[in-house]
Ligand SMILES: NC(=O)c1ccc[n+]([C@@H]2O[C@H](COP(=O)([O-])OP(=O)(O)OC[C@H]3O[C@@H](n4cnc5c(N)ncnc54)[C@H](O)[C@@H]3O)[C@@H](O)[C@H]2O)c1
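Below you will find one chain, with nothing else, as structure tokens; this is the form predicted on its own, and questions on how it binds or moves follow later.
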Amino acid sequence: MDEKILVTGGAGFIGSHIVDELIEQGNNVIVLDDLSGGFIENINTQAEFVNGSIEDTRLVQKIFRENKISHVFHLAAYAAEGLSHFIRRFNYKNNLLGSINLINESIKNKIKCFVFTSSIAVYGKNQLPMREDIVPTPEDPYGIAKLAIEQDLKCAKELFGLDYIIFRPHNVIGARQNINDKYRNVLGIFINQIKRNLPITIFGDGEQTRAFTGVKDIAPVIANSIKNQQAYNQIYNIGADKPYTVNQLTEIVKRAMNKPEHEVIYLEARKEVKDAYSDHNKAKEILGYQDTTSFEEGIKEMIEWAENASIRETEEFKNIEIRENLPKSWRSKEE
């Protein structure tokens, strides 16, 4: 039986780019995705596609039972940090318990390496630049779930010998990003609003800082990491080095879309980390990572791709669990 690599979330934004890299290298790839945030057209036609959820324990077991899985690249998650405060059960069920299904089967089937995309959300606030040796103090349930998986992988290595590699990317931009989700992906939200001739909405004063990462810079590094034994059982920040304010992002997007006078509305600030950018020296030294896509170039490439992408009104998240303090722009039309 030929070895296969399992990629969860392979119909999604970053996941689909990693699938492309793995297939280009000659690997046999299985994509597991429930299409809740990804799209069928993102999936490389040479990959085997299984439509389903990581929460489906029996399905995950079946995939491992019927295939010789050598590596797992786990990218499936609902990555809405701000919204995670209000969908706590969903967040932990989807992002944490679903991950445990994969880790359990990886241990049982003695795979070679489990590659996990975590997030700089694990760091919390006031720890700049964020470095891998800093003790994480996440500020939201999304970051808490990601950190729990990181810690579980460390335990799995110590007791069962499961090798892992953990990446903490941030604010990744580029082709195939879901630009129809109002709860996450700030650049996608702005592009959607401009194309639908709606005001750009910014939470707070717009002076919060983020570093925006080109997907073409990180996907090859993540895909190639399993070839580097020195990379194993380590955590790596990976992303752009230079932070920008949301206000700066807004102006660049408006100019790039030839809408310099497009209306901007400032909303009440939501609970979020104000400044978030990280140090990438470890990834550069061990993995050969290079931050080559400029801020303006990354935005331009995503806008060019979005010209032919489907732009529509985002659907309301149907299962909000807590409505107290929910930002007004996230409330249903009936509220």
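What you see is a predicted model; the values in this text were computed from it and never measured. Numbers for residues come from their place in the sequence shown, where the first is 1.
Just so it is clear, the following notes concern the form predicted in complex with this ligand, a form of the same protein that is not shown.
- Of the residues given (S119, N91, S225, N192), S119 alone sits with a heavy atom within 4.5 Å of this ligand in the predicted complex.
- Exactly one listed residue, out of I165, I200, A219, L75, brings a non-hydrogen atom to within 4.5 Å of this ligand in the predicted complex: L75.
- At least one heavy atom of D34 is located within 4.5 Å of this ligand in the predicted complex.
- Although the partner is absent here, V172 lies within 4.5 Å of this ligand in the predicted complex, judged by heavy atoms.
- Taking the partner from the other structure, this ligand in the predicted complex has a heavy atom within 4.5 Å of a heavy atom of Y142.
- At a distance threshold of 4.5 angstroms between non-hydrogen atoms, G38 is in contact with this ligand in the predicted complex.
- Only one of 45-53, 292-300, 274-282, 305-313 lies within 4.5 Å of this ligand in the predicted complex by heavy atoms, and it is 45-53.
- Using a 4.5 Å cut-off to this ligand in the predicted complex, not one of I5, H71 and L153 places a heavy atom inside that distance.
- Residues of 222-249 are not found to place any heavy atom within 4.5 Å of this ligand in the predicted complex.
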